[in-house]
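Form predicted alone, single chain, as C-alpha cells, below.
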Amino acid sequence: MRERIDIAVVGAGAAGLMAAIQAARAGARVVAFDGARRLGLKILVAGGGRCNVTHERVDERDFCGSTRPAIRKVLSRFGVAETVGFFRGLGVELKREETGKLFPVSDDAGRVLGALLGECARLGVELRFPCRVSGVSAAEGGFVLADEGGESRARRVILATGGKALPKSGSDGGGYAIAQALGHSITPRVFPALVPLTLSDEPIGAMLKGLSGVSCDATLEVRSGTGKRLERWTGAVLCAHFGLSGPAPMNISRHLAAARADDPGARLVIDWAPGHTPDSIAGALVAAGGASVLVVLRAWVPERLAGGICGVAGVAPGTVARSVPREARRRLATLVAEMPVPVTGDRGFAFAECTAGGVPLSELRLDTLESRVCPGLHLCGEVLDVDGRIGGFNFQWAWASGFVAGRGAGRSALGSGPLAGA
C-alpha cells in the first residue's frame, strides 16, 4: 500500500477542483488524480477561451436528466451569488454580458483555471497528473484506489470523472465503470448533449450545408412521428459544412436524440420566421405587390438562405412574389415556417459540450452527494445524470455539486475513525 490519505478526488476538472478545494478547506488532506496531461482543458476552451463561468439566473428548469426537485436542492446549496463570491475571493472578478452570461473581467479562461489551481496549492491539495485511476474498491475503513503508481488508501472518495464529452480532456466515460463497480447504476442511455447536428445530402440538407457560415435566429422544434410538438428552442442557428451548429441546434440536440431513441419517426422542424405560419408567409407573398420573392424572404432570413429556399422550392428568386403559383407559394411558405430538416445524427462526443445521462441523483444523499449504496463515496459534476443548456449552466452545476460533495466528504472524513491499518 503506497499511502493513506483522507480524501481522494478522482478527476480534476471544474467539479473535481471545486470539490478538492472545499474538502481541503474543511481540513482534510486531499489528493486529486487526473488522467489528462493538461488539467482543466474544458475550462480553458469554454466560451471561446474566455470561460463562461456561470449565468446571472440559474434554476432547475435549465437542466435535464434527474428530477427537477433533486437538481434544485443541490443548486440551492451553492448558487450564482456564491459562485461570484467564491471567484472574487480567488481574485477573479466576473462581468455580466447582455445574454446574462458571466465571464471573467479579463476574458481569459486561464485566469479561472489558474485561480483554482492556486487555491489548491495554497491549501496543500496534491494534484497528480497524468495519473489515471483504473479502479476503486471498498475496503475496511475506506477505499483502495489503483493507478499507474500503485495503490492508495483513502477514507473517502469523490468521483468527479466527468462524462464522455470532449474525450481529449480526459473525460472518456471511465468514471461510469468505477461507479458501477461500487454498486451504482447508469442511465440506460448516455449520449452527447449540446452537440452540432449532421444533415443528409437530400435537397434541404445539401442546401443548408452549402450555406456554411450563414447565421440567423430561428425556432427549432422537435416533433414526434405523429406530429406532436415535444420541445422547442429559439436562438441563433449557424449553417455549417456538416449541418447545423449554434445555440439553438445544440440546445435542442439532446431532446431530438432522446425523442428518436423512443420514436424513430421523431423529426426536427425549423421556423425561420418565428411567430409566423405557412399561411401568414403565403399571405405576405401575395400581398407583396411588385416585390420579388427574394426581397420578401429577406425580411426574415439572410439573402443566401433566401436564395437557397427558392432553389429547393423551384422558384426563381427574381420572380414577382404575387405571381407565384399557389402550389409553389405553398412550398416556399412551408420551407420558411416549417422546414423539415433531414438530420442524420450529431457530431458525437468529440464535439459535444456535455453528456446526457449518468448516475441518477436518486442514488445519492442530496445534502452531501454521498452514495446511498456505497457509504464514503461522493459524486459530483458531469458523471451524474444532469445536463444543462448553453450559457454557463453546466459550469454552475460543476461548482454547486463540487461544493456539496467536497464539503460533505471533508467534514465526514474528519469525523470518521482512523483508517484500517493506519
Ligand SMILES: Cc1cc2nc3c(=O)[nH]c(=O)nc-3n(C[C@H](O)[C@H](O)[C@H](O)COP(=O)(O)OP(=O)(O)OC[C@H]3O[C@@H](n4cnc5c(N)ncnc54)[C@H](O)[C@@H]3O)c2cc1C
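In this text, residue numbers run from 1 along the sequence as written. The model shown is predicted, which means the values in this text are computed figures rather than measured ones.
One more form of this protein exists, namely the form predicted together with this ligand; it is left out here, but the text below deals with it.
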The one option of V31, C374, V45, A70 with any heavy atom within 4.5 Å of this ligand in the predicted bound form is V45
Fill in: 4.5 angstroms heavy atom contact with this ligand in the predicted bound form for G35
yes
Practice task
Answer with yes or no whether R330 is in contact with this ligand in the predicted bound form, where contact means some heavy atom within 4.5 Å.
Solution key: no
**Asked** Does any heavy atom of P249 come within 4.5 Å of a heavy atom of this ligand in the predicted bound form?
**Response** no
Report yes if any heavy atom of S152 sits within 4.5 Å of a heavy atom of this ligand in the predicted bound form; otherwise report no. no
query: Among A240, P302 and C310, does every residue place a heavy atom within 4.5 Å of this ligand in the predicted bound form?
result: no
Assert contact_stretch over 263 to 271, 87 to 95, 164 to 172, 286 to 294 against this ligand in the predicted bound form, heavy atom within 4.5 Å, equals 164 to 172
Near this ligand in the predicted bound form, with a heavy atom at 4.5 Å or closer, the residues from 4 to 35 are V10, G11, A12, G13, A14, A15, G16, F33, D34, G35
